[in-house]
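Quick setup: one chain, the form predicted alone, written in structure tokens, and binding and motion questions come after.
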Amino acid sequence: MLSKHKLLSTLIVAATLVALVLASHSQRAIAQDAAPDCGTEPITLNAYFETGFDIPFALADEFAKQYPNVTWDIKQDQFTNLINSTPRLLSGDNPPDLIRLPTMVSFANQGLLMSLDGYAEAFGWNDWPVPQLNQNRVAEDGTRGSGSLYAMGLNYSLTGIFYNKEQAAQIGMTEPPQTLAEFDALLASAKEAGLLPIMQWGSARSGMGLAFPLQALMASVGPVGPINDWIFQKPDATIDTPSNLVAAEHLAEWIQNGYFPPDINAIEYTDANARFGQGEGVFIFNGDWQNAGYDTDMPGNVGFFLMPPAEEGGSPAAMSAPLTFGIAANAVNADCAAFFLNWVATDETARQINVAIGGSNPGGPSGLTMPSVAEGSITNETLAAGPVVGEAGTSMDFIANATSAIFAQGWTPELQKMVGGRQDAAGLLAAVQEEYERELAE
């Protein structure tokens, strides 16, 4: 039999354990109850979206239907204009609750973007597949890929080469090319047949679309690691490498061979896609966000493949990155904006919109089912390509995202000069690297 003293001690220990358990449950409940939302009072989300992309607008419309107390004040602009205006918008008197981010490192370092670490904890984002968040993390040393979270993706896009099936058949293409040499042969055949080999855009307003085939060529003839290191601003990273020179020289040959439209420097993004949809161009380098447009313009007549490797038996590569949105450091409705970002990835209807309109993987927790895709949609092909790149480990962010101004001040003008015969491959890479180092030094 226990003594009174021992019995009292036992009861105290038991009571303490019960209290600790209750406290633990209480803390979890508080954490869950404290997960931010948009409340019930009227809220107006101040947002900046990128012109030419329907998916954010469609998601905003659905969100307002499900949460009628939320209305949207949406402004929109071209990608290159957003690059230049984002610092002013983030630091202004009415900073955006949500903004499409062309890049983020400098904005994070300057304290203009809100760290989303608290929201990641509240919503459980840190338990999602690691690659979804890593591209949006910025470390204390200013490099990307680790550290605090400063943005989330509305979806996770993939780029590659779309093609007109009827025209591809005319030049003898019975299956996607397996090597760069096979792709070169198809381009030459298209030119000989009087067809435009590659439709692409190139205006300064839209941003030079030749950055897409250039980066694809970089990954075809060389490793993707140094490309990502450069984009993520790793120490001593350079875009001016021997393999990238080979890629730039290859692009210059395509230009000289007349594989692109002669007026490319004046073509806007939307015009290029409209012309491709009307049958101008056998191929176009673009991303899965354009799937719905291609299915509408050329139903059943559009195909997709990843950029083939230079060497037979090599792995295809692709740009695969989130459609990145952040919250201004001084945003008025940050909690509601973060709730929207979580809703986009977890709500069944939002995920269906992302696949049907955005054509992209909606991301989110690994246990969620992928929404259904209409039979015959090009989205079936782009979604199937995602795991191929993932297993090969050959995904990249976009070279336009390396710094806040590299697309507008580096790639676009230098590629336009190359089209005009005023820049060669070596000069292109040297000029872009110089701009990159200038920006990092500021």
Partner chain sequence: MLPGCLRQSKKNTSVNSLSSEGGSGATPAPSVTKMTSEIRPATSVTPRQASANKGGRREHIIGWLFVIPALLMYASFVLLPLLMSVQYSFFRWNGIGAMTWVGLDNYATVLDDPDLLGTVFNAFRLVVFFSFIPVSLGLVVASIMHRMATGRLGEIARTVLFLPQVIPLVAAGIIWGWLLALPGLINEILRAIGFGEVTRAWLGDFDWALPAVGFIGIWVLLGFCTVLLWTGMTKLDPALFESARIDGASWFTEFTRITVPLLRNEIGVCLTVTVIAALAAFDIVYVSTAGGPGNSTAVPGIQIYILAFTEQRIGPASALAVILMLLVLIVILPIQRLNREAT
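Positions refer to the first chain, counted from 1. Bear in mind the structure is a predicted one, so any value in this text is a computation, not a measurement.
Note that the form predicted in complex with its partner chain isn't included here; everything after this is about it.
Using a 4.5 Å cut-off to its partner chain in the model of the complex, each of Pro262, Ser404 and Gly420 places a heavy atom inside that distance. Under a 4.5 angstroms non-hydrogen atom cutoff, its partner chain in the model of the complex has Pro413 among its neighbouring residues. Within this chain, Ala266 lines the site of its partner chain in the model of the complex, having a heavy atom no more than 4.5 Å away. Although the partner is absent from this view, Glu437 stays clear of its partner chain in the model of the complex, with no non-hydrogen atom inside 4.5 angstroms.
In the model of the complex, at least one heavy atom of Leu112 sits within 4.5 Å of a heavy atom of its partner chain. Shown without its partner, this chain lists Arg275, Arg351, Arg100, Arg137 as candidates; in the model of the complex, only Arg275 has a non-hydrogen atom within 4.5 angstroms of its partner chain. Asn81 is the sole member of Asn330, Thr179, Asn81, Thr238 with a non-hydrogen atom lying within 4.5 angstroms of its partner chain in the model of the complex. In summary, the region of this chain contacting its partner chain in the model of the complex, judged by heavy atoms within 4.5 Å and restricted to 310 to 318, 200 to 208, 284 to 292, 330 to 338, corresponds to 200 to 208.
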